[in-house]
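One chain is shown next in structure tokens, namely the form predicted on its own.
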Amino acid sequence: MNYIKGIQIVFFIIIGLLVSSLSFLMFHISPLNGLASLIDSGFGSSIALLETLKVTTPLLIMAVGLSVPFTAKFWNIGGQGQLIIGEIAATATGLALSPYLPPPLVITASMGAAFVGGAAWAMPPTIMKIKFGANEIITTLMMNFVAVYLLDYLLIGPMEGSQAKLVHAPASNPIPASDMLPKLVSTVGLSAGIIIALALAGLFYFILNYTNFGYELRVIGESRNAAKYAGIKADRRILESMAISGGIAGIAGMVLVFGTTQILIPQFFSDISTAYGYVGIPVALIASLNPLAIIASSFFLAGILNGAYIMEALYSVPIDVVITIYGTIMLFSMIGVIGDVFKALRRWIK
């Protein structure tokens, strides 16, 4: 069944690529040539692959984190807000401790702060669901808006950097270069964050498949009533899964700052290149919430995203078209996930 499902997903991804390539006709570019350039830009050279791995890093971390509560059918749509809070907590901790501690301790403390911050941000909507039955899709989504505007306030207030004041561009002070995550490939800025991402994927593959915690989340996801009769404390497990998910999203934010940007900058809802909390949702679902499969799905979608932005530079394709291409591919991917199309076709043929 999983094998058939995998084929179905791949089929719809290919359809999404072909359909999205038609947008190149508006710029007098052959769809097949445009599609070939898109794939080549994301995967066609060692530099392209390394750039894709850099984009993969936070996306993989985010999607792995989302897979935990999703397994229990608890829909955490607040990953973006949890990521932002992780960025804030990590940056504040790093800047505060940098003068007093060696880099390894600064990095460790900042990652711990990011985890705690992201986990704490995930708690209000989770508690509202458990205690009052509030819809977690709405409440977690709304927390994203609060996080975005909290970041805006901090960057023109308590966390505004000295250089930002001079140029009137909201940003924090930079993390000292010595406290950044080690670079694996300095030419493209690929940091040790990719190792953290892969380690988390392996760890949670084991947890979700070979521990009582993972088993109980699956039972909760299949049937709350069955979980109750089996003696599983569903509310407690959901609370724990959301704390883990928010914490991992926070780590994704820390890796972004300490591995790539070096400073805190405002977030924009329209910028898909930094909306890892939203893009991570289809990445996790396409992989059927399997953390090892998420490695592949995050790498593929990161390559398409990377290739799309390079296409913008090569062919002067407007950014809106780039986003449309990416969105179309994700849309068709999700059709492959949620639609039993092949079964429907077989019934129709009969």
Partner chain sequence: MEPYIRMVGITKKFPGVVANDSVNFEVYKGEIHALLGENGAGKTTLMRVLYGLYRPDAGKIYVNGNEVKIGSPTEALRLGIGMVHQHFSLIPYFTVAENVAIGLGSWRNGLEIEKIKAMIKDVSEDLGLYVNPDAYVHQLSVGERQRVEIIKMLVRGVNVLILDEPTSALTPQESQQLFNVLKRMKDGGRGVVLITHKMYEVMEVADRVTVLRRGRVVLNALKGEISEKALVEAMVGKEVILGSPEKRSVPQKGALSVEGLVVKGDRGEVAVNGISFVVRGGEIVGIAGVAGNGQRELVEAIFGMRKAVSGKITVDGVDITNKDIRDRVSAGLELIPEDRLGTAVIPKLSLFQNAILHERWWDPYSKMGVLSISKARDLAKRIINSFGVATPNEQVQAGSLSGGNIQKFVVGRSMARGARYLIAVNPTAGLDVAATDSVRKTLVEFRNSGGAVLLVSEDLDELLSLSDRLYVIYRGKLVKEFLPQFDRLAIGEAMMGGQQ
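Quick caveat: nothing in here was measured; it's all calculated off a predicted structure. Positions refer to the first chain, counted from 1.
Form predicted in complex with the partner chain: not shown, discussed below.
Legend entry - the partner chain in the model of the complex: contacting segment from 105-113, 87-95, 209-217, 138-146, heavy atom within 4.5 Å: After filtering at 4.5 Å, what remains is 209-217.
Legend entry - Heavy atom within 4.5 Å of the partner chain in the model of the complex - the one residue of Ala199, Ile127, Ala169, Ala226 that qualifies: Selected residue: Ala226.
Legend entry - in the model of the complex, the one of Ile232, Ile77, Leu239, Leu151 near the partner chain [non-hydrogen atom within 4.5 angstroms]: Contact check passes for Ile232.
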